[in-house]
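For this one, two forms of the same chain are given in structure tokens, first as structure 1 and then as structure 2.
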Structure 1
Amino acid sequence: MPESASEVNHAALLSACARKDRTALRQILELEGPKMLGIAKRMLRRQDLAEDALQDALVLIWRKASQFDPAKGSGRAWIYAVLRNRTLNMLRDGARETATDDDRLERQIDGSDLNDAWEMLGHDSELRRCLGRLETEKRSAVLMSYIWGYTHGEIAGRLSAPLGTVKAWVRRGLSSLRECMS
């Protein structure tokens, strides 16, 4: 067995995975697992989600190893592309939601954190002036999206509004901000 990941023929390991050779997947995990976990943790900023991403990536590698084409790149690059894509999907899907203590959650739900964010903007700031021109719903949707990082679905739930309406509020609100600030 080679001593380091740089000495390993990743294409051969992927070919073995395509033939359902479990030892090949185990070798990939032993050689690349720690680095893959580190990359996922750096992207997701949470150990538990990074572990999930690594597991999901390994399952995808196992299932899709037959799709690897050595003419298009190295086996190692393909492995890391699978991990990267899985991690980005988790970020897009909102899997990176963070636990919030009950007190802070209640403040967010009743809008006081939103008011705090609004008040933190300087009274003479151009952003505050432009945000002040927006309808209340649009301003709330934009602030929830960009201050708290809520997804459109989360905003819809918190504002008790249809998802399509929330998407329109955010899109139109950002468009109005862009116009106002230029």
Structure 2
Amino acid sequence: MPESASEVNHAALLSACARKDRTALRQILELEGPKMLGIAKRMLRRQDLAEDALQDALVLIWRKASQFDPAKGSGRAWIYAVLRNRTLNMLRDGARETATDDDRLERQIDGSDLNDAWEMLGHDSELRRCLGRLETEKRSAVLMSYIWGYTHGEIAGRLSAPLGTVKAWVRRGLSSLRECMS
């Protein structure tokens, strides 16, 4: 489906949600639910928590749909921002602490979903090309934050680097991406 058609679609669904049309919310779940759940699960590492995050996000979309302004941004991006926001808040509220040790152990030895996420971007992706230009530690720091929801401290722990160094990596990484993609 062309990009513009899918954008019109999401904005229209959100305005229908603002008019309290439940089928529109259900369509959002049908269209985007599987990816939204995938994103939440990659951060929260547990199916039940990820389902809670998706459920919360849908209720928030329903309640806040009238605040969405199609003139200011894409409907699709807004929907994902609500989900990411909710998932990050769950993480910060300690949801990750309740993840089982096994999950965390698995994460410790297997960073492959980070590479997968980047490689799944496709060869013609501008983001992929620009991430590819970053030094490994800067790229990892940015991706650990976006994909796993890691804090500066968690990235520092994972990369065995001082906190100040990690903050600088992230900032330089982000600024290189802004330049590369502008």
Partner chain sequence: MKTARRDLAELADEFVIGLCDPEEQREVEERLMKEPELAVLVELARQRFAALDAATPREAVPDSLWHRVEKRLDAVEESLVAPEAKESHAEAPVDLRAEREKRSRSLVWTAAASLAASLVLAIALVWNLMTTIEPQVIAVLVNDAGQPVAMIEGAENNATEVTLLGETDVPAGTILQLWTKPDPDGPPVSLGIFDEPKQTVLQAAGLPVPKPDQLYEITFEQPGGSPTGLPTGPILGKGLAREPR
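Everything numeric in this text was worked out from a predicted model, so none of it was measured. Structure 1's sequence is the ruler for residue numbers, which start at 1. The term rigid core refers to the most C-alpha atoms you can superpose between the two forms while keeping them within 1.5 Å.
Visitor: Tell me which of the two, 1 or 2, is the form predicted in complex with its partner chain.
Guide: Between the two, the form predicted in complex with its partner chain is shown as structure 2, not structure 1.
Visitor: With a threshold of 2 Å on the C-alpha, tell me if L60 counts as moved between structures 1 and 2 once the core is superposed.
Guide: After core superposition, the C-alpha of L60 moves less than 2 Å between structures 1 and 2.
Visitor: Is the shift of S15 between structures 1 and 2 large enough to count as movement, that is, does its C-alpha move by 2 Å or more after the core is superposed?
Guide: False for S15: its C-alpha shift is below 2 Å.
Visitor: How many Å does the Cα of G132 travel between structures 1 and 2 when the structures are matched on their rigid core?
Guide: For G132, the alpha-carbon shift amounts to 40.5 Å.
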